[in-house]
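Shown below, as C-alpha cells, is a lone chain in the form predicted alone; questions about how it binds or moves come after it.
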Amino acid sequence: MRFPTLPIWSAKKRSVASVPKDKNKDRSQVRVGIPKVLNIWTTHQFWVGFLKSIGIESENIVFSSDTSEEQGREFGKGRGTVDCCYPVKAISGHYGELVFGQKKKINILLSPMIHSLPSVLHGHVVDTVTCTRVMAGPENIKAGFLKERDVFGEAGITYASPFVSLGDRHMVTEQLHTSLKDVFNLELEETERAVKAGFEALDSFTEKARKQSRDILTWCAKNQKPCILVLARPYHMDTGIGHEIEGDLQAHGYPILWLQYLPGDEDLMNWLFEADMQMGRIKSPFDISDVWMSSYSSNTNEIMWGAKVAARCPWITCVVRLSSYECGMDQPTYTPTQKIVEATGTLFFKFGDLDSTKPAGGIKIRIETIVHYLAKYSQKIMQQKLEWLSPNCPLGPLPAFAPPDAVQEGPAVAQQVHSSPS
C-alpha cells in the first residue's frame, strides 16, 4: 500500500485562523516569525523578498537568533522530539523563542519544508533535493508543540509550513499559493509576483556573495596569500552549530571562503578544469560524475564539487570540513572528499560529530595545528598547483613567487563570506 507522503506534507497544516480577509488586504501590521535553521541559511533572502512583495513590512519579518544551549533550555525544554540530528533537534528552541520570547508577538510562524534548492550545479547533476530529515524537520518539531495542547493556537499564532521546491522554480508559485493562500489571503497572480520578487532577492544576494568570494581569490592571487575553504552544510554558518571554527581561523589572518558561495564564473571554472575537460573526464566544470554518480542531494553534490575546486585552485591551500553528529548524508562523503583534496597536496582537516557542546580546548589545539601547517606548506602548495594550470589566469597577472613569509591579513575584501539571515 502506497503512503501518500508528499500530498500530506503539502496539505494545509493544522493551526489557528489565518489572517482575516478584507478588501484592502493590508498586511502591514502582520508579523511573521521565521526560525533561522537548516536551509533557511542560504534561502532566507527568498522569504524576505516574498513577504515584502505581499506587503509585510521589513521590521515585521522576525528571525530567531543563532542556536545556543541557552535558547534550547529556555524555549525548547520539554518540547524535544526524537532525532539524532542536532541541527533538527535545535529547531525546538527556535520555535519556542518565536512563540514565547518576543516582546511584540508574531502572528504567523513560517517554517517551510524545502524539498529542493537552487544550485550552481543545477542541470549538471541528477537533482538538487535536500536531506529528507532536514526537509521534514518542521513537521517533526511541530509535534512537540502540539502533543499536549496546541501551543500555537493558545498564543494566537498561525503555523505555516509550506512544502516548496526552490530548486524547481516553475513549481514554486503553485506550491506556495496552495499552502499559503488561506494564511495570507493570497490571490494566484499576487503569489506569482511575490515568488518572482523572492527569487530576484535571492539571486541578487547570491551573486553579491559569490563576487565577494572571487574578490578574495583575486586578492590572494595578487599577494600570493593562501585562503581556507569551508566544506559544510548551510546550517554550519550558525554559530551554535558550527561553533565559529572558521572565525577562529580567520582571526589568524586567513581569508575564509564558504562552499555555498564559491564563484561559479565560467572563465575561472574553465581555467581550473581545463585539463579535465580536454581529457574527457568531465563534460563541464560543474560535472561531478567522475567522483560522485549518485548526484541527487544538493548539499552533498556541492560538497563533492567544492572538494574538486579546492584541489585545483592554487590559493585554497586548506580545506576545513564540518559535519554534525551522526549525519547519515555526510558519512559516505568523508573519504572521497579527503582523497580528492589531498590528491594535489592541499591540506584537509575535519571537525566531525559537532553537536551542542563546544569543546573549546580541543578546538583551540586543532586551530593551532591547522595554522602551523598552513604557515609551513601554503607557499609550496600554491606553487605546485600553479604549475599544473595554464598561465592565463583570469584573476589577473600573477607576480613571481617570493620566499615564504608570515601571513598578513588582507584588506576589507579578505573577510568571511557569511549569510546570516539576521
Partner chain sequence: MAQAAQLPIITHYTAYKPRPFTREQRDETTILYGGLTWKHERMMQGALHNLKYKAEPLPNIAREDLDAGKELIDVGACCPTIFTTGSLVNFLKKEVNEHGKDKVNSKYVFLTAGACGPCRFGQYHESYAMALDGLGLRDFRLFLLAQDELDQGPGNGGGLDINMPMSLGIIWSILCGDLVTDLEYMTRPYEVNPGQTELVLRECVEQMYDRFLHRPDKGKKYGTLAWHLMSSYFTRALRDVRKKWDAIEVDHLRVKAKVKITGEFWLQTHEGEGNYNIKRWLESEESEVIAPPVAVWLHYLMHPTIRKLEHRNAKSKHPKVENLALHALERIYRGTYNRFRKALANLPHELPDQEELKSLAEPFYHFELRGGEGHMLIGKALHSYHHKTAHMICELSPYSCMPNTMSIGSMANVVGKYPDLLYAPIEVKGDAEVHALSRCQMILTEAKKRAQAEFEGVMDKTGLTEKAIRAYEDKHPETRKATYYVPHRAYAGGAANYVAHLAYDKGLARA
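Positions refer to the first chain, counted from 1. Computed from a predicted structure; not experimentally measured.
Just so it is clear, the following notes concern the form predicted in complex with its partner chain, a form of the same protein that is not shown.
Stretch-level contact check against its partner chain in the predicted complex with heavy atoms at 4.5 Å: of 203-211, 329-337, 248-256, 223-231, the positive one is 329-337. Annotation: in the predicted complex, residues 142, 275 and 290 each come within 4.5 Å of its partner chain through at least one heavy atom. In the predicted complex, its partner chain sits within 4.5 Å of a heavy atom belonging to residue 325. At a distance threshold of 4.5 angstroms between non-hydrogen atoms, residue 261 is out of contact with its partner chain in the predicted complex. Although the partner is absent from this view, residue 387 contacts its partner chain in the predicted complex, with a non-hydrogen atom inside 4.5 angstroms. For residue 103, no non-hydrogen atom is located within 4.5 Å of its partner chain in the predicted complex, even though that partner is not displayed. For the options 86, 163, 235, 286, the one in contact with its partner chain in the predicted complex, meaning a heavy atom within 4.5 Å, is 163. Here is the short version: of 155, 197, 121, 136, the single residue with a heavy atom within 4.5 Å of its partner chain in the predicted complex is 136. Residues are counted as partner-facing when one of their heavy atoms sits within 4.5 Å of its partner chain in the predicted complex; in 303-322 these are 308, 311, 312, in sequence order.
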